[in-house]
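Given next, in structure tokens, is a single chain: the form predicted alone.
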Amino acid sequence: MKIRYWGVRGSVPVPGPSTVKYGGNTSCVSVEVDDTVLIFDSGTGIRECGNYLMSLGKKINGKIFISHTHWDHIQGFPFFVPAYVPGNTFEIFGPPSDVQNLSLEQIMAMQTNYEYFPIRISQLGADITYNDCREGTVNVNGFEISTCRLNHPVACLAYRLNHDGKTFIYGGDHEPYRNVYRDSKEGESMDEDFLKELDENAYMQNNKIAGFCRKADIVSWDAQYNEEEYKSKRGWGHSTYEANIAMAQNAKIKKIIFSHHEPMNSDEKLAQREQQCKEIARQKDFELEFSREGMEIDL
């Protein structure tokens, strides 16, 4: 498997001199296995991914896995040139709406409505099919890909790819589960036994996700904040360096890659944090790296 990072930023693209090293495009990672290309998320990074695929000079049979349909994870798709080329084929997998009767295809098409974009998704030249995806297993070209629901303010999935004895996991946006009533004003009037039940439920949900990631070779994971930043952003659906380090140790992950970087954090700040996190991970006997646009990993 050859893993390539095309977009690593969370929430909004941030081009400019302070984001050159790590990159300013939103989420997109590709995995090439033999003649198959698997693309995870279609943030603005998918534009460069598409340019690379076009440079290969051959018909493309690709699979695109959308973690969730928040804009920063789908906004690059209308600029994905291979989707305009007749003869190319793409299957797109991802969760439908969990609050409205909207399929993945309908949600993806909304951003190319007449008011927002000059070309409808229905007008693209490639042969494109959409597959609503929930927790379970997806079989694609002989690859078994497992999915796991994450904690985010919309239906969101992580994908686990196993191939030739190696495991790569791509996680969408995720905030570790917690008892939101613990230490809150609402919780002050609640029965302690009920609060403990909620504590236990959060613990079980976090263990489920750690089990999904267990002993993976590489896990690419949402790591937008440190603990101090997180204090004012609870409930926004993103994780912290500290929580992810604890999960990686608990799940015995061989290497975790922190991605979905906070748009306000400059290259200088990310470099400082990466060095600190790498040292902690080294002491706990696993590898850690911050994602950067252009990063390539052979697994």
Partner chain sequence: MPFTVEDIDKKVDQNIPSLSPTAAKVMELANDINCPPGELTKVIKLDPVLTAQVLKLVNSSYLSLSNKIVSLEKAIILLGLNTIKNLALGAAALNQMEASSTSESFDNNGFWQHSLAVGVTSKLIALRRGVDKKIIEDYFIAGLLHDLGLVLESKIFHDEIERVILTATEVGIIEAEDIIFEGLNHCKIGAVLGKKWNLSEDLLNVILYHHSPFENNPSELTSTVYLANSICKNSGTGLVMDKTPVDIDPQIFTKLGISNTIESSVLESLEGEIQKAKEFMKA
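Residue numbers count along the first chain shown, from 1. Since we're looking at a predicted model, the values are computed, not measured.
What follows is about the form predicted together with the partner chain, which we do not show.
Between the options Val140, Ala109, Ala202, Val85, the residue in contact with the partner chain in the model of the complex by a heavy atom within 4.5 angstroms is Ala202. For the candidate set Glu91, Glu135, Asp217, Glu144, a heavy atom within 4.5 Å of the partner chain in the model of the complex is found for exactly one residue, namely Glu135. Proximity of Val154 to the partner chain in the model of the complex: non-hydrogen atoms within 4.5 Å are present.
Contact between Arg149 and the partner chain in the model of the complex is found at the 4.5 Å heavy atom cutoff. Interface residue remark: Ile119 is not counted as part of the site for the partner chain in the model of the complex, having no heavy atom within 4.5 Å. When the partner chain is considered in the model of the complex, Met190 lines it closely, a heavy atom lying within 4.5 Å. The stretch in contact with the partner chain in the model of the complex, judged by heavy atoms within 4.5 Å, is 190-198, chosen from 190-198, 217-225, 72-80, 123-131.
Looking at 161-184, the residues that come within 4.5 Å of the partner chain in the model of the complex, counting any heavy atom, are Tyr177, Arg178, Asn179, Val180, Tyr181.
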